[in-house]
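Consider the single chain below, provided in structure tokens and representing the form predicted alone.
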Amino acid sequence: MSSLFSWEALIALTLGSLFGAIFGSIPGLTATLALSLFVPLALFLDPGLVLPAVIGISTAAIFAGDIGSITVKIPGTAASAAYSDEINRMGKSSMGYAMGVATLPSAVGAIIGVAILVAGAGLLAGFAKQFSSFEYFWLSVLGLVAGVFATQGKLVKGVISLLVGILIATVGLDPTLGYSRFSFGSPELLGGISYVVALIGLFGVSELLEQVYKGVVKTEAVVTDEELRRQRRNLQHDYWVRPTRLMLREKGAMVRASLVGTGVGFLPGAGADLAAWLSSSLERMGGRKANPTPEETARQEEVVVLAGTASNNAAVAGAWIPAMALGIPGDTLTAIVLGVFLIAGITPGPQLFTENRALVTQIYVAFAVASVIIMPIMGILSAYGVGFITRIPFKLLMGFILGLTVVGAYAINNNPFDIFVMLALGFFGFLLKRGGFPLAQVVLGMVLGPLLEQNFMVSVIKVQWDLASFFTRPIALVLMLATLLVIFFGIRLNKAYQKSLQAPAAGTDVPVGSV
């Protein structure tokens, strides 16, 4: 097997990163799809080239999911949807700054995740083994509750949006008992509605309808020539310096988000989506103030984006911990990675750290190179590319985006039915948006709803509906207490927010719910 330190391995890492970045930036073409398409090619490559390519694909695709959010407010991944509104507003003032905040905290978060992977993969994998369906149930509840209280004054509408998302997620076969639900005799609905299709429809198509409704489609381009030249002059400063200052200023949030991302990532079945939602929701709740000034609102949005981007890539490294140490996938990406391991003749598990210590070290280094060198370079190139996109006349851009959403929805299952589902959900999302309902909570319900249901049903079947079992395990109790704390502080913050709305300070802008 070729060494991962060879030039060939570096080229494989770079090409894998480019491949992942392209897939991550296009709505519907996910990191999972990119890895799935790479697997047949992996059969004919040297394992020393396969592993760096896989690492490049998985790290680049997650951060590239923010490119769609920045340019046209269509997140490329479910993780990016957690802070899509905030990062889009940042991109309107400076594309370079938004890309910098999407990339550099992701790189730092990934490095922290790799450091934890190096320091204690075996120990943390042992801790992950303590998680049963009871702990996953409470973890899902914590994520849902945090998402609801992050709606900034739209608590009731946030709950309704969340319930709508959970209801949509119940379409199809019951994952535990196999009963058909809400399929109305349609075989296409038996498999359920993909949350990626819903993501494209709710954020992509609804945004297009929103722009048409506002008449923005009549404008020539997203930014003017003068504005683009101004952003180009400041691009290097906005991309490198401002995000670095932000990370230094908000180092507490940076560390918290990275630890949460790594912690959630190494739990089997959790992944980057839950990590990004949890971190950004907690920072959104913690930073809420009554009658914030525009500067305070902008500052809070920066922290929310920073937390989300740092957390999602930290989770990528964290997900490799159970995959390498136990042979248990941390998410769908590492499930494919395990298949690639077997193709390469590598058996994951505790013996990997004793019999293939050199290989483990090389994987760590490949992660570090992808995070520290390749990801920032991809980010700055994307920042220049995004500038060209914003000069495309809006009519052409909207047509191009609509074409991408159709291709993306079809590519998930190669099923034309998904296109109609996407269009229907897009129109439904437009109506929700017009009614002031947050769309992000719909996606959150679709992502965490099945996890909540499955772990609840597995738990009650194991203990024959003895519900007291949910409160007897130590880790489950800690997660339950964390949920209660989020509810307690969330209610207090919401009351303070509502009180501030009743008597707004003169001359002070009141923030609009951003999620």
Partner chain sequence: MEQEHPGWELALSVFLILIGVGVWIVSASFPRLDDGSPGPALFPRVLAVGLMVGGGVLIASALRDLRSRGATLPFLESRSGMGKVFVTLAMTALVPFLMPYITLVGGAALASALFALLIGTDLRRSVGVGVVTGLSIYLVFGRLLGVPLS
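Residue numbers count along the first chain shown, from 1. This structure is a prediction, so every number in the text was calculated from the model and none was measured.
Omitted here: the form predicted in complex with the partner chain. The next part is about that form.
Colleague: Should Arg434 be classed as touching the partner chain in the model of the complex when contacts are defined as heavy atoms within 4.5 Å?
Modeller: Arg434 belongs to the contact set for the partner chain.
Colleague: Classify Met457 as contacting or not contacting the partner chain in the model of the complex by the rule of any non-hydrogen atom within 4.5 angstroms, answering yes or no.
Modeller: Yes, Met457 is a contact residue.
Colleague: Quick check on Arg256: any heavy atom within 4.5 Å of the partner chain in the model of the complex?
Modeller: No, Arg256 sits far enough from the partner chain in the model of the complex that none of its heavy atoms falls within 4.5 Å.
Colleague: Does the 4.5 Å heavy atom contact test between Pro438 and the partner chain in the model of the complex come out positive?
Modeller: Yes.
Colleague: Of the residues Val241, Ile111, Leu209, Leu381, which one places a heavy atom within 4.5 Å of the partner chain in the model of the complex?
Modeller: Selected option: Leu209.
Colleague: Arg230, Arg299, Arg181, Arg249: which sits within 4.5 Å of the partner chain in the model of the complex by any heavy atom?
Modeller: Checked against the cut-off, the match is Arg181.
Colleague: Using a 4.5 Å heavy atom cut-off, which of 165-173, 369-377, 193-201, 256-264 contacts the partner chain in the model of the complex?
Modeller: Contact-bearing stretch, as computed: 165-173.
Colleague: Relative to the partner chain in the model of the complex, which residues of 451-475 have a heavy atom no more than 4.5 Å away?
Modeller: Leu452, Glu453, Phe456, Met457, Ile461, Trp465, in sequence order.
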